[in-house]
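Below you will find one chain, with nothing else, as structure tokens; this is the form predicted on its own, and questions on how it binds or moves follow later.
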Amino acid sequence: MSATAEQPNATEARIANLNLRSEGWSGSARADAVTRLRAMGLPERRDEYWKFTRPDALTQADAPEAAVFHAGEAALFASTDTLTIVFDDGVFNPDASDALAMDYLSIERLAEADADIHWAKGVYGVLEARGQTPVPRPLAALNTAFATDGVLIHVTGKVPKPISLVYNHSDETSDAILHHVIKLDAGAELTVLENGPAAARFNKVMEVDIADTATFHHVRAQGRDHERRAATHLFARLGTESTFKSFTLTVNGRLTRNECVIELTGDDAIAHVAGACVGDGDFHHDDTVFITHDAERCESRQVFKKVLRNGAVGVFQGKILVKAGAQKTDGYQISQSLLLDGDSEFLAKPELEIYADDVVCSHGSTSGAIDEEALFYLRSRGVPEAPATDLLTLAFLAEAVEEIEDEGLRDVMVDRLEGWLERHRG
């Protein structure tokens, strides 16, 4: 049987193992997502945007491969004053979570929001569906259809402290599907933090609708679990003079695919998405980003740095699309890798597609080894080789980490990076 004939069967097998929730305000969005998923089919290696990453472990109908959670690292953001929401293997844990209430916002669980009319109906699955064009994203459609839980956050003002989403993992074969919806009204401001191993296989979607003059900050850490396989999707729509800034640190995991799809639909909007990863051995990390400029005088930045060794693989696929009429666009994209040995690999596909004539857009992608002159300089001044290599590695990652606007959160990420590098010396 050909691959074309096999693919619908694989998709139907995956769907058959999941439960479709058809009632309530999200029912129509879920049904629509199933229809789109069947039309697209689950991703295959031959698909253009999956040619660098094997999707098998993310799409198999059977239970995911066992992933034993290796404890030892302290939870991130523990010293930060936050409203904490905890999920254990994709299931909300009320005992470990704070009360879902704070000034200028309303928070509900997706699993409990059963009203026929709900504000989230205008966002849930809407941004995800918009993000399916021109590139299909079947795992995101699967998530919209079958997500079992998540949070619905409506922000009406400047929220006084961050929301911290913590994903715990204890079941070796857990298969978690979470979907978060965040809507910021005009002038509102929110910071969302995410961290934790999550599950053996993790599929997460976050949809963020940012109204005029609103600001959204997102800082995420993916680590602590060496065997995790995860596919995450972040969809954002920006209004006039709004701001979106997202940073992700990844230090562990067997397979990680992070997709970010951003639409700048209002004039003078700003969108920055950045990531830093350090991988060792059986580590495959894929950042796939698509930013659409559809308004005037908007700014976007993509800054991704990867440090790889012992056969680790890093992937970056980033695109800037400037539509006709999106004049005065300022788009910047950089993806770089530091290969600490000859066995690791960095695969990059940067793209620009521009239909306006008054723009400033640039992209670049480089890959190289440690700077031997800089390493010699440090060693000649008494710094041992391993700590010297760590210093140069941190300097290489700095441009991405500096995209975190909050200095305290930036320091947390640097501390985590330093700890990881120290443990993996040799």
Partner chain sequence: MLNIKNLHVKLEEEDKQILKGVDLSVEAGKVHAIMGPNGSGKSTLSYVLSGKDGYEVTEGAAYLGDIDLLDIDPEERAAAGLFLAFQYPVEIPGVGNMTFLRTAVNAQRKARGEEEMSAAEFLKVVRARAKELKIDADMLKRPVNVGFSGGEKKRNEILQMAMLEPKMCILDETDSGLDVDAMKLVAEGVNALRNEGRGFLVITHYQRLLDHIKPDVVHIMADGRIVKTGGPELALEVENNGYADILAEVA
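Not measured: the values here are computed from a predicted model. Positions refer to the first chain, counted from 1.
Not on display, but discussed next: the form predicted in complex with its partner chain.
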{"query": "Region of this chain that lies against its partner chain in the predicted complex, out of 39-47, 355-363, 26-34, 372-380 [heavy atom, 4.5 Å]", "finding": "372-380"}
{"query": "Close approach of L391 to its partner chain in the predicted complex, 4.5 Å, heavy atom", "finding": "yes"}
{"query": "Proximity of A395 to its partner chain in the predicted complex, heavy atoms at 4.5 Å", "finding": "yes"}
{"query": "Heavy atom of E385 within 4.5 Å of its partner chain in the predicted complex", "finding": "yes"}
